[in-house]
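Single chain ahead, written as structure tokens, the form predicted alone.
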């Protein structure tokens, strides 16, 4: 099968969250099963290794309106793995800056351009996919183009699939995007693309793709409700028969404690001794006390409302004052929340370390060196860090929502489970969960059994790829 990904992120070249990891890992898994995969993504200014890229199309004229001087791009290419190529859309005006999602006046045109460029690159090279898999809101208008303007082209018989990685992000932009892409005027109505006076990219993708995927089964059910639908739950319910939740996996090429070059010492479920060395090394690196037999709770996250860390920062001081745990955080986002965590580190310098920003190596060392990983999300479409944590013997402490509910089995008070789960997104729920984790840590034999179970739990991208292929075939039948 020929499969085209249209994605705003592709790790390790571009990554703002888990989407980049997911698209790269799924593409590799599909290619490993013998399929031909191409991923079209913008060539951001932050993308490394340009000098090693090839050129697929020197000058591609993209069928968009607006300033004709901005309608051309170059398509660069790079092999990700056997059978899997990345096609980078090089357009300095749209994508020359380092940010993946900058705030700018032409953000709608910027999002629309690379999706149309992906389709035009296929037509120009005569590489016609069987399936066009659109990832998240920036690619939402690609199925609309396939169903309308390109219906009579060579791409007209392609099946289209869209994955909702996070329904909160939808892409609401002015009506002028209709003319920019040459979309027919009948689409401008509330039953189609119009939304709150603007054009909604993700709404278009949900309505026009042959199949709609979310990144976990529980999230697929949650987004049918007003509480999680962010105003599009009625649109999702219209496509409920074509909706499926497919759980993400763990890329073991990147996240494997037996081979991780970023950590102090390798370890596994059968030879776990190295994890203690990783913990000691992490505490030394972050200038925390190493002479206290306390559990370390780690966080690697964006700091914003979805993640529930504004609640956690209210609860943690009690446990730190009592000297019952150590806490390390790597992340960035909301400036006020960044300052709250900085203050926490200042108040408890031997027990708490906070690093604002992103450091890939440190993220691996936090996963390897922590005893627990805190994810108190208000909602979580899938989440990857809880699965990385289990692979590294770091027990997740999570709210039972979305993919967190699908992946973490709650500790039963004895020796069964893979982590700690709680129900309510409030300070009381987090307080209870932290206490529950401390209770487990104080039972070394039970902790080791739960830890071993977590490490031996497999979240396979091969299994996810098989489920995606079934969805592709269903879309082709449609």
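Residue numbers count along the first chain shown, from 1. Here the structure is a predicted model, which means the values were calculated and not measured.
From this point on, the text means the form predicted together with a small molecule, which you will not see here.
_Candidate stretches 183-191, 298-306, 117-125, 84-92 - the one whose heavy atoms come within 4.5 Å of the small molecule in the model of the complex_ = Every other range fails; the passing one is 298-306.
*Examine residue 365 and determine whether its closest non-hydrogen atom to the small molecule in the model of the complex is within 4.5 angstroms.*
No, residue 365 stays farther than 4.5 Å from the small molecule in the model of the complex.
*Heavy atoms within 4.5 Å of the small molecule in the model of the complex: does residue 170 have any?*
Close contact is absent here: in the model of the complex, residue 170 is far from the small molecule, nothing within 4.5 Å, heavy atoms only.
*So, in the model of the complex, is residue 384 in contact with the small molecule at a 4.5 angstroms heavy atom limit?*
Result yes; residue 384 sits at the interface with the small molecule in the model of the complex.
*asked:* in the model of the complex, is there a heavy atom of the small molecule that lies within 4.5 Å of any heavy atom of residue 275, even though the partner is absent here?
replied: No, residue 275 stays farther than 4.5 Å from the small molecule in the model of the complex.
*Give a yes or no on whether every one of 3, 27 and 133 sits within 4.5 angstroms of the small molecule in the model of the complex by heavy atom.*
Result no, not one residue of the spot touches the small molecule.
*Could you work out which of 160, 200, 370, 248 is the residue within 4.5 angstroms of the small molecule in the model of the complex, going by heavy atoms?*
None of the others qualify; the residue that does is 248.
*Select from the listed residues 407, 326, 401, 166 the one whose heavy atoms reach within 4.5 Å of the small molecule in the model of the complex.*
Result of the distance check: 166.
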